[in-house]
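Just the one chain here, the form predicted alone, laid out as structure tokens.
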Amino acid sequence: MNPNKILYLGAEAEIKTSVYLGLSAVEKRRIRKSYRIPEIDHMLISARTKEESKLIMEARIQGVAVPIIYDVDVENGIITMEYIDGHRIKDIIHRLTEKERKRICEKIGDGIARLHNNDIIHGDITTSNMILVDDTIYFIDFGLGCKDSEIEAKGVDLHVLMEAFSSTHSLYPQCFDYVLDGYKKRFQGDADVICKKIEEIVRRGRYRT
């Protein structure tokens, strides 16, 4: 693996390959904002770095496959974590058979339910933020995540994925239904309430347009 290769450069963070104690790693560095008061900028970056690393570690405890965190530099807003060498779901879903898509999507639903069982909201669940390694789906990038026990938050989390499937993988309309099948099997609360919330969110969106 080529160290210091930029994997992603966005408005909020830079992600590049790295090496940590001889291990292939990924370094996520939050970007400082010149328009913010320096003290507030530092406080926000530190808080978000701490929150993201905490969510990732809690997700692992719940049995969700996530990168192992090697180091957290709160002062500089850097998380160094395991490099997951696999394929983004976004890039391979079109190559799968319908049977394989169903199995993979049910596993995605299982993982999301494990998060939600512990009130972990990912915040940006898309097929770009899931990596398949062998038969394991890793969830990455909890930068927009939080802890929230509300039905609304969980419904919005799933709605983001529904929209991702609709826009990016429109040829496979059953995928999100498969996700919900896996979700319902694992979720410890009333999954029907979550599904109704998703429907409500969809209706609200149609009303606004």
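So that the term is clear: the rigid core is the largest set of C-alpha atoms that superpose within 1.5 Å between two forms. Note that residue numbering follows the sequence shown and begins at 1. All figures in this text were calculated on a predicted structure; none of them were measured in a lab.
Keep in mind the form predicted together with a small molecule is missing from the figure; the text below concerns it.
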Task: Among 70-78, 111-119, 98-106, 83-91, the region lying within 4.5 Å of the small molecule in the predicted bound form by heavy atom distance - done: 83-91
Task: Contact label in the predicted bound form: Ile131 to the small molecule, heavy atom within 4.5 Å - done: yes
- [ ] Determine whether any heavy atom of Asp157 comes within 4.5 Å of a heavy atom of the small molecule in the predicted bound form, and answer yes or no.
- [x] no
Task: in the predicted bound form, Ile194 touching the small molecule (heavy atom, 4.5 Å) - done: no
Open item on the list: I'd like to know if Asp190 sits close to the small molecule in the predicted bound form, meaning any non-hydrogen atom pair within 4.5 angstroms.
Closed with: no
Task: Contact residue in the predicted bound form, from Leu55, Val26, Leu180, Ile45 (heavy atom within 4.5 Å of the small molecule) - done: Val26
Open item on the list: Quick check on Ala13: with the core superposed, does its CA move 2 angstroms or more between this form and the one not shown?
Closed with: yes
